[in-house]
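The form predicted alone is given below as one chain in structure tokens.
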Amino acid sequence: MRLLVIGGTRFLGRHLVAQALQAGHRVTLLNRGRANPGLFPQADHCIADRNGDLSVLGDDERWDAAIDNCAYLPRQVHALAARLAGRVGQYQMVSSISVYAAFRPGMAEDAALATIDDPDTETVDGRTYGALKALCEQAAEAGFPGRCLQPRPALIVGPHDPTERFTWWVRRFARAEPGGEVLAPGRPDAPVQFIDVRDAAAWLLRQAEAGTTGAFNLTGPDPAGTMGGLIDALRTTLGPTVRPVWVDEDFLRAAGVEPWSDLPVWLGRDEEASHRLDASRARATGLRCRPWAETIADTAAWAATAAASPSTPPGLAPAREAELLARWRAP
């Protein structure tokens, strides 16, 4: 196949391109050339800002599939569609589960999508992100009618993750002293869903080969996971003698601890339905999720040589965690 990948040198795109090249596909990358510019010398590189002139793509090039990893505004999709009209077989607009207006357990792809009062906004933040992704999906359908795939990933984790969310837990258990304690939030049976970036990339590539269309919740595991299962997998893989201390959600919230940001991956009881999405449609089209232990071990190996990426990484600072554990035990 001939693939056009928008982005392709950071997280999901990086793994996708590596797998595509290994499979023998010809890959063209369209990006600004800023992130990891030395990657993939065997690919064709088109250096341009997608928000500007796209003539670098040429007028005669054709691709079997275009995979767009970094569309956040509908105008970006419209512009790409105008440039690629009639020259792309399948278009994949990598979306997000944030497109949903609300979450309920077992929710499938036909659930209502988020809307926004100011659809022309250029501000992408917690208020606008999901609704703008939904508008990007609509732009994709309009620009590539009958040829559009809309993957909706949940939390993507694994090596080269720039967000440090899942990686925070890996680093936390990796630095734990033998026999030490780690704060475990909420209930062990609270649901948890995420997907290894390599499994997501493999599924995207498989759907490009098949020409699949439509929307798909892209997450794992199968069967569903729990916070207790994640903590056990972290402990078994990285620190068998580490002792988790389960701390009640109400206590944590009263202490000002925020799910997701202060304790990544974990969601409070009012939000945990977003960890219970139905991904059976993706599994029916070939999604396979590797064991959590493999994801943890490989992420730990990468994190051991990688600096934390965000300027303000998520997760509790060690002193704050120790303070909370002391207060939890206090009479």
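In this text the structure is predicted, and so the values were computed from the model without any measurement. Position 1 is the first residue in the sequence shown; the rest follow in order.
Quick note: we don't show the form predicted together with a small molecule, though the next part is all about it.
For the marked spot (7, 34 and 154), a heavy atom within 4.5 Å of the small molecule in the predicted complex is present in each of the three residues. Across the options 263 to 271, 280 to 288, 66 to 74, 295 to 303, residues that bring heavy atoms within 4.5 Å of the small molecule in the predicted complex belong to 66 to 74. Using a 4.5 Å cutoff between non-hydrogen atoms, residue 49 counts as a contact of the small molecule in the predicted complex.
By the criterion of a heavy atom within 4.5 Å, residue 96 is counted among the residues contacting the small molecule in the predicted complex.
The shortest heavy atom separation between residue 129 and the small molecule in the predicted complex is within 4.5 Å. The closest heavy atom approach of residue 27 to the small molecule in the predicted complex falls outside 4.5 Å.
Screening 87, 78, 187, 165 for any heavy atom within 4.5 Å of the small molecule in the predicted complex leaves a single hit, 165.
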